[in-house]
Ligand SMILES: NC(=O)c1ccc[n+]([C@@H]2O[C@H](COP(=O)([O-])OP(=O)(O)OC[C@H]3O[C@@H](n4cnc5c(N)ncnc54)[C@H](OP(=O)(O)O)[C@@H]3O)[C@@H](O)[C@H]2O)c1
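Taking the form predicted on its own, here's one chain by itself in structure tokens.
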């Protein structure tokens, strides 16, 4: 079967190839999925460029991709909650989804929402799970306020709608051309970062979802209220997460040095700060399914590429400024 793999760490355009690999053989707890579509994420680019080598290693060449939608064509004898022919969506661990067939543990899959296409379903798992877990990590409640950076991106556009489903008041930043669309997603205040400094508008809020990192992580503490929360997807590793990852003391000391400015801000604001490492969660996939089925989450696909144009899809995502998600159509 065909699979898009990366052959080494480095520049995206020099690290991708289309390979012929063996079709997976499932175990008793797995299902075999015929892949209809796969989501393309900035995470795929981080993997190729080696940004995650310290926390995740791959045996090269390795198949890319984390998001999948498709149909179950085989199931193991211990799989009782799903049937052959079921349409599913999932976020996998390391198997890779840029391929024609994927073996997935039964505990990682969810039934695809019936009211959307396979391409739309493949756009949901990673960004949906990330957004839900981030807002739950920050304990966002109804009537509280949140700033979500990069509202037109995959995580941002889902997080906006999820925050509104909770009942939060929502600020977001985006570029001029996306202001109207992001407003339609449910944001209460959309800030065009090209013309306005968001720090002049956002004050004393309960939570920031930081999707940008660097100075945006530090500046998040300037806009939250005392005892507010900053949940980052890309900022420095916090002490609790470092302990949970069981990193050795030398690495933890290095990470503590890197986050010293953040540590100072945390103390000044008595704030809660956490770097989110998203976890696979089938229960939350069901929550996503229900949100989509009831119309609380609407999906926007920016572009769809065929599997043999995966490199173009990755380079398009790498440019940034996508409006929604980029997806590979595999069948």
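Every value quoted in this text rests on a predicted model; they were computed, and no experiment measured them. Numbering follows the first chain given and starts at 1.
Just so it is clear, the following notes concern the form predicted in complex with the named molecule, a form of the same protein that is not shown.
Proximity of 193, 321 and 324 to the named molecule in the predicted complex is complete: all three residues have a non-hydrogen atom within 4.5 angstroms. When the named molecule is considered in the predicted complex, residue 97 lies well away from it, no heavy atom lying within 4.5 Å. Interface membership of residue 212, defined by any non-hydrogen atom within 4.5 Å of the named molecule in the predicted complex, is confirmed. Proximity of residue 46 to the named molecule in the predicted complex: non-hydrogen atoms within 4.5 Å are present. None of the heavy atoms of residue 187 is located within 4.5 Å of the named molecule in the predicted complex. Across the options 253 to 261, 139 to 147, 229 to 237, 79 to 87, residues that bring heavy atoms within 4.5 Å of the named molecule in the predicted complex belong to 229 to 237. Among 102, 163, 109, 126, the residue placing a heavy atom within 4.5 Å of the named molecule in the predicted complex is 126. Taking the named molecule as it sits in the predicted complex, the stretch 171 to 197 comes within 4.5 angstroms of it through a non-hydrogen atom at 173, 174, 175, 178, 193.
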